[in-house]
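Quick heads-up: it's one chain on its own, the form predicted on its own, in structure tokens.
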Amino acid sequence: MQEQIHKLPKVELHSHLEGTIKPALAQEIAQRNDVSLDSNLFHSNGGYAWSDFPSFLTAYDNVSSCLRLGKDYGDITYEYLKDCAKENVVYAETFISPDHAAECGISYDEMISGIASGIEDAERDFGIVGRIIVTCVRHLGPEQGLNVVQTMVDNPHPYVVGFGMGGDENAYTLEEFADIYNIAKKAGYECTVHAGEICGPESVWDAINYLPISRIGHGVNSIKDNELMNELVQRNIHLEICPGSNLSLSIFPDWDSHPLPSIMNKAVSISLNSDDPPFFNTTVGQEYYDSAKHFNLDIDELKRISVMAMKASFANSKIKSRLIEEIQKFQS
């Protein structure tokens, strides 16, 4: 079964690019940029040190601070996609944060061109298709969100396929971001938003009622509202689920309490994702293995998840149909 899972074509729709940087790469980039990383950032075993959600965010920002050039973004993109390709991921979308880049003195154009070069090099070397979702940060407010979406719309790039938002779910209301999302949607970008991770079903209701989205980042707390589950199916809203992340951040205490099987039983479209892989000691492949082990999913169910993910992706129709066909042809 493990070998079958390894060979299965996989899809990732939910990772934060700055959150994919492995400790060794962070140290390498920091050294060449003459940036001092906080000595408390690393465990004695070499992994990232954090204990709760606030300290995770602090560690994440600290790691991101090593980035100074477009080349740095190219390197982290290439390494992330290389790691994905080793696990037979055929398509990966990653969230990027112009706000993080700006804090490091990197312009939007330099960031995008760096990431684009990493995407092209990875596709040439490993055959994996990578694409970009530009995100604003919720707790930085709607005004900053407007700056981000306007910059994205005014500087189109073929690898930028969507718009989203991360950050503190408790900050502001989603209604305050409706105009921002409508700018992205009107310009032809598909949209997603983090909701129902830290907060309850009400945050997912707000997302689907106020924003022009086809996907929800996480959305696991939707399970607490049966009417909402039916609505997600009715509106064909896809949930980007990250079980390893949920357990690491204590959204759920253990695998037995994770709602993935219940969500699947409700016929909601889902994908399996790594979120911030080195922070949570996971990978896309690991999420597939763990879901098979803890939720008793067989290879056909995992294959169905890959197909659902590819259908929900923001790829163009040509790439989408080619990769769906590739996944469907897989014989266990």
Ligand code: ADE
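All of these numbers come straight from a predicted model, not from anything done at the bench. Residue numbers run from 1 along the displayed sequence.
The form predicted in complex with adenine exists for this protein as well; it is not shown, and the discussion that follows is about that form.
- The partner is absent here, but in the model of the complex a heavy atom of Leu57, alone among Leu57, Leu69, Ala49, Val35, sits within 4.5 Å of adenine.
- Of the stretches 141-149, 221-229, 189-197, 258-266, only 189-197 has residues with a heavy atom within 4.5 Å of adenine in the model of the complex.
- Contact check for His16, Gly166 and Asp275: all three have a heavy atom within 4.5 Å of adenine in the model of the complex.
- Under a 4.5 angstroms non-hydrogen atom cutoff, adenine in the model of the complex lacks Phe42 among its neighbouring residues.
- Remark: Phe295 does not count among the residues lining adenine in the model of the complex, judged by a heavy atom distance of 4.5 Å or less.
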